[in-house]
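Coming up is one lone chain in structure tokens, specifically the form predicted on its own.
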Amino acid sequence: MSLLRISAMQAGYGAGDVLHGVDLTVEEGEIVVVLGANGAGKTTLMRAVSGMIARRGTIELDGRSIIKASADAIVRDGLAQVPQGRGTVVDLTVEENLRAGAHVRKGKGLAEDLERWYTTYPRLAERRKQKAGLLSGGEQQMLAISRAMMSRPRLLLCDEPSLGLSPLLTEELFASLRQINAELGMSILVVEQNAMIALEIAARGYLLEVGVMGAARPAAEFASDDSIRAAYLGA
């Protein structure tokens, strides 16, 4: 059974649909990347899965339907999202942001989890008492990932994690996602315009074009496809 199964999902804003009959799966311990140009519907996909907008069709998390669940309930069910633009609370300190990420839990293991993410991202440990709004873009993205992981999810959604980051910071960030996947067996769904680096850590990929999802393909196939390389990999 897939950890996440989406079938014939439609979603949008107001009277118009942006996504049209989307099918997608993520298996236990798998990294899946969704590629697509600006306006293809990638962020709408993430918002629909995490319960932030209305959607129709089938969305199952570990075999349970979440199509009618609220965003808070979906977090409690084991899904956490790192939104586009990071979404950190700029007036809270680094540690306050991390503790806020654990609000759906009852406090068990909180100190251990704080230490885990301070070890994963040492710069956050150095700035634990600093307000999030004073962090660099890369540090804010590290904080956003750590805050999402504080809920101890089974599935992590990352929406354009490289947005606004330098190539060096992007490499560092994706290396940390690979590490989280390897060490924790974390399933990760990434939507990303920086296709090459996303495909390097993914097992499978999908191409989303104007709200319509193509079939899943191994990440290596995408990386070697001349049309994909020309459109998304700059080659």
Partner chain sequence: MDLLIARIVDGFNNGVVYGFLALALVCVYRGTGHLNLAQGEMAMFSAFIAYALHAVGFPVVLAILGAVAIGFIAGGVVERVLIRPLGHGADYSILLVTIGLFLVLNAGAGVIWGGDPLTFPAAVPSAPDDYISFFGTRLRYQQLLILAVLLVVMTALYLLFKYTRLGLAMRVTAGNPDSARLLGMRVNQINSLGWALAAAVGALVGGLISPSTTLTTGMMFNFLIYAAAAATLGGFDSPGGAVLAGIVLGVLENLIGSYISWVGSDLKQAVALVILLGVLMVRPTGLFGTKKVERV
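Numbering follows the first chain given and starts at 1. What you are looking at is a predicted structure, and each value in this text was computed from that prediction instead of being measured.
The form predicted in complex with its partner chain exists for this protein as well; it is not shown, and the discussion that follows is about that form.
P83 belongs to the set of residues with a heavy atom inside 4.5 Å of its partner chain in the model of the complex. Taking the partner from the other structure, its partner chain in the model of the complex has no heavy atom within 4.5 Å of any heavy atom of E115. Within 4.5 Å of any heavy atom of its partner chain in the model of the complex lies no heavy atom of A125. For the chain shown alone, G164 is not a contact residue for its partner chain in the model of the complex, no non-hydrogen atom being within 4.5 angstroms. Contact with its partner chain, judged by heavy atoms within 4.5 Å in the model of the complex, is confined among 26-34, 172-180, 194-202, 47-55 to 47-55. Shown here without its partner, the chain carries A71, A100 and G133, all of which come within 4.5 Å of its partner chain in the model of the complex through at least one heavy atom. Along 84-102, a non-hydrogen atom within 4.5 Å of its partner chain in the model of the complex is carried by G87, T88, V89, V90, D91, L92, E96, R99, A100, G101, in order along the sequence.
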